[in-house]
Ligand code: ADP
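There is one chain below, alone, in structure tokens, taken in the form predicted on its own.
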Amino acid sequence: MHIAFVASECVPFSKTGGLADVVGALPRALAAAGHEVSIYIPRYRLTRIPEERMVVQSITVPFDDQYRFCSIVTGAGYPGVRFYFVDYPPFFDRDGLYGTASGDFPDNAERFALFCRAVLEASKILGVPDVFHCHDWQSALVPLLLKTQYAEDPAFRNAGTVFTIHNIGYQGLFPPEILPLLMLPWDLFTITKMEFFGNVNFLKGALVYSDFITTVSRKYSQEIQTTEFGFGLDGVLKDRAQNVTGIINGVDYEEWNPQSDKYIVAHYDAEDLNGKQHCKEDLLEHMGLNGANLNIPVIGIVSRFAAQKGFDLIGQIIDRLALEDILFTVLGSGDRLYEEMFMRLAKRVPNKIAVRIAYDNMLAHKIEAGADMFLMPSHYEPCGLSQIYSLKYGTVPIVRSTGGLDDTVDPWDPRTKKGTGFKFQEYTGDALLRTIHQALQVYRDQTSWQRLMRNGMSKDFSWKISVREYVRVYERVRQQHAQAILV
């Protein structure tokens, strides 16, 4: 089967978050399973393309004010995976992918409308896939265009669409006058199509017109069909519930594995945990907590600092946590509110809390390996990867029961000795504190704690499992199109 991925970012070429990791890893796993994959992404200023060559010299994209002309370049890929870059410097030769520190680029609707139309036109030349697999609002016009303006184009007669929501909080909202500029008809501006409280909603258009919708965990696929987590689109998703599913993201165990991690001071595995103590000592040294008692548990945090991540709960209980025999190592950046909160806490109790405001991949690995516990008290979490890394490193996760956190962490049962971590449901500081106390109590019994560590280290969240579920979705979409053609 030929699958074309359409996304706004992909490692190693561009990245702002987990979307790029998925678009970089899932196609390789699909190719390893025998499928053919094309990946379409924009060519940004930061994009470095090895063995670059042009494959489509000119594609015309109509806009109401003027035509734009872009090209498609390719470069070195992987066996079974080809990369195609939409090259249009006026839109993509910029320092940021979506905006600057001041906010989003004002022409983002035009930028990604051009991207989507270019993908469709390029695929006529480079090969129309069996399925277009589109990701997040930046690719949302692909399924919409295929069902509207390209509906009679015989080139796409057999092409299906799968749309993946990585975070429904980001929807692509624009004023209604954007429709004529993008050469889209006004009849799309209705409550059953793209209209959303007086604006045009790109994501809503994709949810209406895609053949199938996936998101990045089973629990999140259920949560986004509720008022609390649907960000206004829960009704649309409930209407399409028969064509919505959740597939947990896989992780790359070649990069995140304590047996081979190039960033950590000692390697270890479930059979021999001795190296983890060396990693703990190295972590504390890197974070400036030299001389700390190695018997005191260390809680690690590696995160984007945002309200979604639940850090307000830590602020509610930090005075009580400071009384515990516990250390915190915190790495991240984001909202100034939370950056300043963590820095204040580090100044108040510098012997217990060490904070690094940065993106630092090496230190992220050191925290995963050196911490005893990993904290993710998220208000919502579509999938989450850090808790999965933590399991592999024997760093016991403490999480809220939401989205992918709920799907990937099993609660510890002291009677049966089963489970991989600790979870709480109620979104309060008190609930978080009780759960941390529960983890500290088990930590004092090192026999039980090492059993808990090994339980997590034995879990397999590699892409090969998720690939089988995606292939079933692709096959379902392909069969739907085959039956429609026969009718």
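Note that the rigid core is defined as the largest set of C-alphas that superpose within 1.5 Å between two forms. Nothing here was measured: the structure is a model prediction, and the numbers come from that model. So that there is no doubt, residue numbering starts at 1 and follows the sequence shown.
Keep in mind that the form predicted in complex with the named molecule is missing from the display, and what follows is about it.
Although the partner is absent here, G332 lies within 4.5 Å of the named molecule in the model of the complex, judged by heavy atoms. Taking the partner from the other structure, the named molecule in the model of the complex has no heavy atom within 4.5 Å of any heavy atom of R478. Of the heavy atoms in R468, none are within 4.5 Å of the named molecule in the model of the complex. Taking the partner from the other structure, the named molecule in the model of the complex has no heavy atom within 4.5 Å of any heavy atom of R472. Proximity to the named molecule in the model of the complex, taken as a non-hydrogen atom within 4.5 angstroms, holds for one residue of A76, A358, A151, I191, which is A358. For the residues L385, V162, L126, I178, the 4.5 Å heavy atom test against the named molecule in the model of the complex is passed only by L385.
Each of A364, M376 and Y389 is positioned with at least one heavy atom within 4.5 Å of the named molecule in the model of the complex. Remark: of stretches 340-348, 306-314, 204-212, 93-101, the one touching the named molecule in the model of the complex is 306-314 (heavy atom within 4.5 Å). Shown here without the named molecule, the chain has K15, G17, G18, L19, D21 in 7-21 lying with a heavy atom within 4.5 Å of that partner in the model of the complex.
Relative to the superposed core, R468 undergoes a Cα shift smaller than 2 Å between this form and the one not shown. Once the rigid core is used as the reference frame, the Cα position of Y253 differs between this form and the one not shown by less than 2 Å. Relative to the superposed core, Y98 undergoes a Cα shift of 2 Å or more between this form and the one not shown.
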